[in-house]
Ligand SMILES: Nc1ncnc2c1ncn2[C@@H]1O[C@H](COP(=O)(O)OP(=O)(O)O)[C@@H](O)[C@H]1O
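In the form predicted on its own, a lone chain appears below as structure tokens.
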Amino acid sequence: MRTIAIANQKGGVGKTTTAVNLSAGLAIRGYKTLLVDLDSQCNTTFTYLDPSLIKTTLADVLVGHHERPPLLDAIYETHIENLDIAPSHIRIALLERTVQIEEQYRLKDSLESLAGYEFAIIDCPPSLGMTLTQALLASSSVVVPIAAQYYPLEGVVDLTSTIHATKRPNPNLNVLGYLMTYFDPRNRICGEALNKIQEMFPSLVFETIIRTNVKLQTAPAFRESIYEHAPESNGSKDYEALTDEVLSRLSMNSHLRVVREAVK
């Protein structure tokens, strides 16, 4: 299983939007995918699940020392074929109190206990801390969304340092790419932000750019991915292109393995 963390310590950069729609894009292509919500705000969870139907969450699996259920008990099917989700809970914030080394590997050990998944996409919290550390220890790749704003690299240097530090216990970890989001081609600031990250990370910036699109913000209210909510929108086209580029960077087949009717 290939595990990809979607991470940026700065909020409002499209992190959850990227996790939700990249995982859906992979599932639509026929890859059995698990979406893991490590953010205590639970926005990813509520995009696909009715809160009243959730009985066991990642907090039950990862927090505490007694009678923790296996991750399998906290996995729910979504309405999209091939896409399952491990929901979050506000108690997931207690992971920040993790102090023992063995606790830091709980997510990694839980994911490795699963069979049948080709991808796990982890939506990380917008902060640096032990929750992010657990995600990075469990991952092989990181996608870093960066909003096309005046300070596009705010926090990215610290995140990059954290990734480098995590490579010591997890040498397989790498940055798959930096993703420019909220891009408006009419805005000069957006162009300057793109140029800046291309200068900083010349070989790691995704060619795909996520343009500003209101449909990306309204889709979660309908508990839908962008592909269902507005299939002809720029948001749908951009995340479809990102999915293809991610698969290409991983040297995997980017062609549809199932028909579009897989989205119900």
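Don't overthink the numbering: it's just position in the shown sequence, from 1. Here the structure is a predicted model, which is why all the values come from computation and not from measurement.
The following text describes the form predicted together with the named molecule, which does not appear among the structures shown.
Stretch 204-212 is the answer when you ask which of 64-72, 204-212, 30-38, 191-199 has residues with heavy atoms within 4.5 Å of the named molecule in the model of the complex. The putative spot formed by K10, K15 and Q217 is fully lined by the named molecule in the model of the complex; each residue has a non-hydrogen atom within 4.5 angstroms of it. Using a 4.5 Å cutoff between non-hydrogen atoms, F119 does not count as a contact of the named molecule in the model of the complex.
In the model of the complex, the named molecule lies farther than 4.5 Å from every heavy atom of Y178.
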